[in-house]
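Here we start with a single chain on its own, the form predicted on its own, put down as structure tokens.
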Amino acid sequence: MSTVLVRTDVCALDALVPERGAAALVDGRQVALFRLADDTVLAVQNHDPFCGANVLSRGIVGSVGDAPTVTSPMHKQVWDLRTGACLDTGGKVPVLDEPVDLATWAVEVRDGRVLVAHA
């Protein structure tokens, strides 16, 4: 049996500033959206596992090689925005034994609207 994905219309693409993050509530979870310079939009959990706060949408957008990244505004860990993989733990461990990698969501931009997929 396959899972049916729902697409939630979150905002207009123009509402997202390139190379900056924004938080949205999708299916009861805080999601951090990042519009890249090429208008690609990526989504990861807003919850920072290293400090326990919902702050990743306030992180610094950058890159490591060809991977777009976000750096935590709290303790400077770095994650790949495409996969959620933690690229640099900064020598710290997550609070409450949380995973270091972030959850990700599929994002589609259709007719100038940002749609986030979820189960």
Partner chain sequence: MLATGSWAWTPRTDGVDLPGVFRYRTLDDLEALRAWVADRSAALGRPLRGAVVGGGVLGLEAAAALQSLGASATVVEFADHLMNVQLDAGGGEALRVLVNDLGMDVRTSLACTGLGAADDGAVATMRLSDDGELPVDVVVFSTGVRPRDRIARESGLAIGERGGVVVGATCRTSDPAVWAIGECASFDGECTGLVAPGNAMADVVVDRLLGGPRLYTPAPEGTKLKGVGVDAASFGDVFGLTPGALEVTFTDPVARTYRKLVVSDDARTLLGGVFVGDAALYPQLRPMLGRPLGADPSAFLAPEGGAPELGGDLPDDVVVCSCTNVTAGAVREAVTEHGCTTVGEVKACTKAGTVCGSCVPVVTKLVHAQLEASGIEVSRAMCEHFAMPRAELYALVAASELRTFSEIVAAHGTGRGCAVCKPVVAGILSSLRAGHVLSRDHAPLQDTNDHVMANLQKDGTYSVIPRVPGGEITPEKLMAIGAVAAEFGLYTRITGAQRIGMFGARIDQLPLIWQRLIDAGFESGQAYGKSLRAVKSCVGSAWCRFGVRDSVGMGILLENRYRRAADAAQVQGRRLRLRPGVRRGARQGRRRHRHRERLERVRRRQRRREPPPRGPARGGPRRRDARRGHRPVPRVLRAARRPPAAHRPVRRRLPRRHRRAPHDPRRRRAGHRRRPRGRDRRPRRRLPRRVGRGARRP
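Positions refer to the first chain, counted from 1. Note that the structure is a prediction, hence the values are computed from the model and not measured.
In what follows, reference is made to the form predicted together with its partner chain, a form of this protein that is not presented.
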Mark A106 yes when one of its heavy atoms lies within 4.5 Å of a heavy atom of its partner chain in the model of the complex, and no otherwise. no
Please check if Q45 has a heavy atom lying within 4.5 Å of any heavy atom of its partner chain in the model of the complex. no
Just to confirm, G91 within 4.5 Å of its partner chain in the model of the complex by heavy atoms? no
Using heavy atoms and a 4.5 Å limit, would one call A23 a contact residue for its partner chain in the model of the complex? yes
Restricting to 5 to 21, the residues within 4.5 Å of its partner chain in the model of the complex through any heavy atom are D14, L16, V17, P18, E19, R20, G21
